[in-house]
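Heads up, what comes next is one protein chain in two forms, each shown on its own as structure tokens, labelled structure 1 and structure 2.
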Structure 1
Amino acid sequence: MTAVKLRKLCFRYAGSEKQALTNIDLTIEEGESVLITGPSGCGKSTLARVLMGLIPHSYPGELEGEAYVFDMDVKNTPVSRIATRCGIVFQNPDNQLFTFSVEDDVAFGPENLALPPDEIGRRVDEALRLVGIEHLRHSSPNNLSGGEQQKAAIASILSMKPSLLIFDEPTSMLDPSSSASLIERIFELKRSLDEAGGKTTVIIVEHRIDLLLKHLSRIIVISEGRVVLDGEPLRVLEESFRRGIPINIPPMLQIYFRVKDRCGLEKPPTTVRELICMLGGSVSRDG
């Protein structure tokens, strides 16, 4: 099944003269792991809002073209219905948390689906465990640090068990080790759901690419509201590098793309040591 289908999609925010999205044609199949990246202000978050139906339902503006999520036409499907299949974790956790305890925030979605209480309890436990914040269950979101709030926001979406998960800069507030473990957990979660017969689609909108790279099936680069690159991750990154599109290409690849032809490297290194070995190896081979 197709998770996302966009045809000639254009959007302009009310009061803005600039088109935020222009002629976006995009199909994302169920089960894909996609990164949407691009320079700041390129329209990444706007696109995420369309996929949740927040555009056009909550953000006024002019939407043209077609947008379908699991065959639901976002233009005339209420956000509450889209939310049963898609969950979005916003850039800013403040926009997502509103009750007085983490537990209540995480339970809010399932409660609105009118699930039985023991199922709600199970989902809350699982979501808190998945992001590693069981100990914050009774804390007020207001008293949490930025990173902890971000984890709580993610848990509040995971408890809905959505089949399309959209993350808008999920690790922006997290320390390096929490970022790495969160990304691992997101994809572990996807794997375990897939093994149980599901097909979870993950769309991540991010500037930071390094931690994600090994999990992705595809990268889409948006620039000035248009899709400028779309395809296999490494090829997309290399093409962005060649074209000078200012995305955060991981440092290792920054060097790899610069030296690969001259040093005859065939595949990118995964660690600094490997990079050095490859360079040394290419020398000793030639010499």
Structure 2
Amino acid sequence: MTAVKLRKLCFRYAGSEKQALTNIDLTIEEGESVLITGPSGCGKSTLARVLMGLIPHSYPGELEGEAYVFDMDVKNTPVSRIATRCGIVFQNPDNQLFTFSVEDDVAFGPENLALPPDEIGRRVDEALRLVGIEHLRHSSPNNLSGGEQQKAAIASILSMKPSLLIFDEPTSMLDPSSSASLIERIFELKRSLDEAGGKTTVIIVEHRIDLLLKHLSRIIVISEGRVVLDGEPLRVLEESFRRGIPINIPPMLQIYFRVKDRCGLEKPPTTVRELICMLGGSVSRDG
């Protein structure tokens, strides 16, 4: 099933003369793991808001073209209904955590669906277990670390049992160690949900490509509100490097792209040590 389908999508915020998104054509199939990246201010977060229906329902402006999420027309579908299939985790978890306890935040969505109390309890228990914060159930979100708040925000989305998970700059408030841990947790969650019989689609809006690369099926690069590259991760990164598109390509891959043809390297290295060995072997053969 198609998770996302956009055709000739354009959007301009109210009061702005500049288009935030221009002629976006995009299809994402159910089960994909997709990175949306690009220079700061290019329209990445705006696109995420469209997918959740926050645009046009919560952000005024002019939306043209077509936008469907699981066959729901975002223009004419209430955000509350879209939220039963799609969940977004914002870069600042304070935007999602607003009650007096983690448990209450995680229960908030299912309660608004008017689910039976026993089903709400099951969903809260499962969501807390999946992100590993059962011990924080009764804690105030205000007393949590940045990483714990991110996990609580993810749990509040998981309790809605979405088929599409969108993460908008999830590592922006975290240190490198916490960022790596969070990314691993996100894709562990996807594997767990897929093994349970679903097909979970993950879309991450992020600039730290190095943490994500091994998990991705696809990278989409946006520049000035337009999709400029879309495809297999390594191919997209190499094309971005050749064209000088300012995204955060891992330094090791930049070296690989620069020398691979000259040195006859057939595949990218996975570690710095491997790159040194590859280059050393190349030098020996040439020497």
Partner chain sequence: MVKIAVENLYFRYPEAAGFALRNVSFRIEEGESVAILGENGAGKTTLAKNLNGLLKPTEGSVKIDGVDTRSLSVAKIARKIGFVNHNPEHQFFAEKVEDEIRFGLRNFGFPEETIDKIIQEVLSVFGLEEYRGKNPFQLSGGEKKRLAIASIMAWRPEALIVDEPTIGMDYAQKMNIRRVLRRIVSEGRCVIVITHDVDFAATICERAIILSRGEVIGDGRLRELLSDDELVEKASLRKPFIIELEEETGLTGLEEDFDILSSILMEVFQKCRS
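Just so you know, these numbers come straight off a predicted model, no measurement behind them. Superpose the two forms; the largest set of C-alphas matching within 1.5 Å is the rigid core. Counting starts at 1 and follows the sequence of structure 1.
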query	finding
Structure number of the form predicted alone	2
Same rigid block between structure 1 and structure 2 (Phe167, Cys263)	yes
Relative rotation of the two rigid parts between structure 1 and structure 2, taken as the smaller one's turn in degrees	10
Per-residue C-alpha deviation between structure 1 and structure 2 [Asp118; rigid core superposition; Å]	4.4
